[in-house]
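Next comes just one chain, in structure tokens: the form predicted on its own.
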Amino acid sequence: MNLYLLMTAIFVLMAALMAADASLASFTLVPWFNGLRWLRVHLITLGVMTETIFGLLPAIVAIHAGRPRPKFRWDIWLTLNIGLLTLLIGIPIINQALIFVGGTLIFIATTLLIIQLRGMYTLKQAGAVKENGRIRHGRKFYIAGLSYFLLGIIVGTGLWLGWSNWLRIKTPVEVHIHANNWGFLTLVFAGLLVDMYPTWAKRPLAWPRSITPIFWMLTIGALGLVIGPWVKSNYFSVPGIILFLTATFWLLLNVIKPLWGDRVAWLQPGIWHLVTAYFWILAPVLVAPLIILGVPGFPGAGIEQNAPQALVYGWALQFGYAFIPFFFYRLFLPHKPARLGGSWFSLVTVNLGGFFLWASIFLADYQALLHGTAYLLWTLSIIPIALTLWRIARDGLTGLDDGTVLLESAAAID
């Protein structure tokens, strides 16, 4: 039983409730609660995404390394989930002791996962992408991404404990966001595309030889985007933006080119979710030069404050709309056809939510209305995804109760 995915379903439901709360608060129907702004995004980044990633990466890496399914690591699961539960309590009430304990436990769990993945050396070719005769898969993306997550945990925990002065961080919130998004999630999602795209699209990436340069550009670009706000220097931020944009566009072309002209492939909402999600991570990067240059009249402060919300809901969560249901099918209902998740309804509502959120940045007079509408749309987009996950999990658990073996080997993932 993959307990991580059960926790994922719980966090998806909680994320829907918190998005609804944000919408009602924007419409002044309920009061704002101190600390919930941070909790809302962390229910997605630390909750939904971290649970899914921790649950899937060992199995995916084992498959592509030609190894048997790894045993369930109770030490990692308990450490991660106790840490997450502690943060869920500590963040809303801003309790420094609880935040420190929660951050420390998640740091330990992430370190243990990195050690586990590093020990999974390739034994044989198992469907991984080949480059110059050598096996290439997403393992290095995952390890690099998790390493950035460690940095994000340190900086994020320090936000509540006053570590920023000791670490000499000029803009700690920005460093934390960049480490978790441009570093952690970007690299892990890229690794998932490298490993799973042939399964999802039934064809290889356009240019398999580009995987290694994309990896290094994303890794070094993320480093520049972390160091830049750390020391408040554009000498790091600008090269980081250039490398990140180049690598991201190259990765997207790898995904889109093989499907170009295939009308049947584009009839899948899941494919659209994977592709359009990247618009919301590119948007803040594309406007970053205008903020750096201090263009008059450009709402740089508003973008820095609100863009992370669109980034988390529009990019991270939308990407999850596609790949999380796929793995739920494979692990809970392996005898049924697995497909990318999402629907045309979720596709429209999640992206409209992003547009309304960005509109609220530029139309200050209507900010509350637009902000509330954005969260309402995100709530509506999450609900069918949450119901799908719970239905799949329920059917799988029902099969277990009936004595049916429904959870096959982790090899069912690929």
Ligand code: HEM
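Don't overthink the numbering: it's just position in the shown sequence, from 1. Everything quoted here is computed from the prediction, not taken from an experiment.
What comes next is about the form predicted together with protoporphyrin IX containing FE (HEM), which does not appear here.
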With a 4.5 Å heavy atom cut-off to protoporphyrin IX containing FE (HEM) in the predicted complex, the contacting stretch among 184-192, 328-336, 249-257, 207-215 is 184-192
Would all three of A15, H273 and L389 be in contact with protoporphyrin IX containing FE (HEM) in the predicted complex, where contact means some heavy atom lies within 4.5 Å? no
Checking L340, L87, L223, A277 against protoporphyrin IX containing FE (HEM) in the predicted complex, the residue with a non-hydrogen atom inside 4.5 angstroms turns out to be L87
Only hit among I76, I281, I241, I153 for heavy atom within 4.5 Å of protoporphyrin IX containing FE (HEM) in the predicted complex is I153
| message | Is H64 near protoporphyrin IX containing FE (HEM)? Define near as a heavy atom within 4.5 Å, in the predicted complex. | response | no
For this session: Give a yes/no on whether Q305 approaches protoporphyrin IX containing FE (HEM) to within 4.5 Å in the predicted complex, heavy atoms considered.
Result: yes
May I ask you to check whether V41 falls inside a 4.5 Å heavy atom distance of protoporphyrin IX containing FE (HEM) in the predicted complex? yes
- Indicate whether protoporphyrin IX containing FE (HEM) has at least one heavy atom within 4.5 Å of a heavy atom of F149 in the predicted complex. yes
Near protoporphyrin IX containing FE (HEM) in the predicted complex, with a heavy atom at 4.5 Å or closer, the residues from 150-166 are I153, G156, T157, L159, W160
